[in-house]
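Next up: just one chain, as structure tokens, the form predicted on its own.
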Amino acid sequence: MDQGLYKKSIQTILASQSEWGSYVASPFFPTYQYCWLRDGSYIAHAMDTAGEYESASAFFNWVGQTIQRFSYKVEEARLRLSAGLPLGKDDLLHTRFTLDGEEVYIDNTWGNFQIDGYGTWLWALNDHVKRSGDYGILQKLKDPIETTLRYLELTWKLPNYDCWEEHPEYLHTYSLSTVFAGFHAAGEMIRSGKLEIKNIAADVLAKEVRKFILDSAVKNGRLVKYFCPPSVNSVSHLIGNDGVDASLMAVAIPYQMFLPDDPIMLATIKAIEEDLFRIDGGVYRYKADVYYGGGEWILLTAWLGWYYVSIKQFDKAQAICQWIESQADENGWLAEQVSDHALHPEHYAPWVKKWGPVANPLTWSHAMYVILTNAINQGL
């Protein structure tokens, strides 16, 4: 392992953490000057694996304060849904916030309704408590935990944007796996005796989500990327026609809705390897990806390595780690994606013209490298 890059990654993450505890997605990429719950939760998890508990704790406290600031939306949304009234794009909790925890209204076309970050922060918080032994944080965050659970209970079957902020008309297997993980994590925290939340059957809800995925998101023995919500009248609710999506790795690692060696996961990973993993290279998001031409994503490549560790294929994980290390620039930074072997290179220049060069560094890329490095070291 490249100890220099590992230390640089920790430094990059710490430098990207604001005074309030939030992590900026990319410090020098104008469009990413916000904190996403999704990115931030993985960044905090990386810090936990590195023993940087103070940094992770600051993030979780920031999430709690931010959620409670807008918790009134959950009850208002419940009343609107009960009355059969439509929900506007800002009637639900947002997916990204300013670093001081305010909602973002600059771009009205940017979809805010993404549920995955809310399940992910509960998963990451539970792991943080187990690693750090700081059970006291659960009492401090009791109200935002409960708000999150009520929000997920209310919204998990509503169509929403996926983790790539696309396809708001569907339900997404990745996002639902985060909901499963959030409910399951809450169940563990409650069973630990350190968190008391009544009238929310977290474990029952987790089982319900898992069954829903089994019934709705498995096609030809593997997981599909997205599918129609139950309210849509369709001969088959399964979509999946656009191929596999790399985000589906998370269903096993870290969310464990299915174990890594479950036949459904093995078939899903095989499809990812065949369609989205460039030999001796990195992992693409999905075949039709045109964002900056559809390059190889460093964080997804690390994710595949993380999966390989879980099934004890350490040689593959180490090879992936070495490839990631070879992508660091002269500053020791890891970008969002590598464009040398883009799927649709004709789309690269238009994105550069619109938003500038690819985000570099991407804090989440450094986080996933840290997670992979520590997973390998722990597994060997």
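Small disclaimer: the values here were computed from a predicted structure and weren't measured. The numbering used is simple: start at 1 and walk along the sequence shown.
Beyond what is shown, the protein has a form predicted in complex with beta-D-glucopyranose; the following relates to that form.
| Does residue 32 make contact with beta-D-glucopyranose in the model of the complex, using a 4.5 Å heavy atom cut-off? | Taking the distances in the model of the complex, the answer for residue 32 is yes, it comes within 4.5 Å of beta-D-glucopyranose.
| Wondering, does residue 336 line up within 4.5 Å of beta-D-glucopyranose in the model of the complex on heavy atoms? | Heavy-atom contact with beta-D-glucopyranose at 4.5 Å: present for residue 336.
| query | Applying a 4.5 Å heavy atom distance criterion, does residue 163 contact beta-D-glucopyranose in the model of the complex? | reply | Answer yes; at least one heavy atom of residue 163 falls within 4.5 Å of beta-D-glucopyranose in the model of the complex.
| field | Partner contact for residue 222 in the model of the complex: beta-D-glucopyranose, 4.5 angstroms, heavy atom | value | Contact with beta-D-glucopyranose, no.
| Is beta-D-glucopyranose in the model of the complex near all of 323, 369 and 375, within 4.5 Å of a heavy atom of each? | Answer is no for this spot.
| Quick one: which of 196-204, 290-298, 120-128, 148-156 gets within 4.5 Å of beta-D-glucopyranose in the model of the complex, going by heavy atoms? | That would be stretch 290-298.
| Considering 285, 167, 73, 210, which brings a non-hydrogen atom within 4.5 Å of beta-D-glucopyranose in the model of the complex? | For this set of options, the contacting one is 285.
| field | Residues of stretch 14-41 in contact with beta-D-glucopyranose in the model of the complex (4.5 Å, non-hydrogen atom) | value | 25, 32, 36, 38, 39, in sequence order.
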